[in-house]
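Next up: a single chain in structure tokens, the form predicted alone.
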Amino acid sequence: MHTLLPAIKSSVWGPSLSPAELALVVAETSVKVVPAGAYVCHKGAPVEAWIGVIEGLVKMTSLSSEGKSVTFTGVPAGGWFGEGSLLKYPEPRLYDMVAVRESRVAYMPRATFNRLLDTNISFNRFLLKQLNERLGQFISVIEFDRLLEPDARVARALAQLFNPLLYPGTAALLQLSQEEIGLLSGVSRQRANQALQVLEKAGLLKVEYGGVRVLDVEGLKHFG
């Protein structure tokens, strides 16, 4: 509870809760530490929770029948996901969520989510905005993959982590390894390293020990 309460209060949707709703959400939502490489949730499984990342980083991914893996996006601390799957219940989950590093993850039960959906107008407005942002994000991902060179794809992948609605907890220093940046960008670790050097020379970021410090989010959004 001690880690969940501040995470909810600092979220975009948390301030819309009444004291009674906040107490209910905290009481009914479980928190789990997920090791690096472990599943947060599985493709094909029943959708029983709305999921938030309190600490760490998870990736949305899918594995084809031929064994090819594709990463759609990453969700850093402060992000919540799975509302679309809950709204389509009982359709099973269509993707895997995997912890890129050890992560602390919150699971709000479907019943709790539906109670807020049925009774809290502000929560409904938040969900509409979040779904719209998510749609725009995935359209952008398709566009980046088809039209942009690797340097620009890395720039856009980093810029997306600063979406104030989807990921309100993102700090200027992204504690991401080059391998993690490659996963989020759809490029190799080596190619991500080259792209970071290009973006650093352009004055958009600075590679530091333990991560990347973003200096110009708008510049990353429009690079290339």
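One rule holds for the numbers: they count along the sequence shown, beginning at 1. Quick caveat, the model's predicted, so the values are computed rather than measured.
There is also a form predicted in complex with the DNA; it is not shown, and the following applies to it.
A heavy atom within 4.5 Å of the DNA in the model of the complex is found for exactly one of A202, V207, L215, L24: V207. Of the stretches 165-173, 183-191, 36-44, 54-62, only 183-191 has residues with a heavy atom within 4.5 Å of the DNA in the model of the complex. In the model of the complex, at least one heavy atom of G211 sits within 4.5 Å of a heavy atom of the DNA.
Under a 4.5 angstroms non-hydrogen atom cutoff, the DNA in the model of the complex has Q178 among its neighbouring residues.
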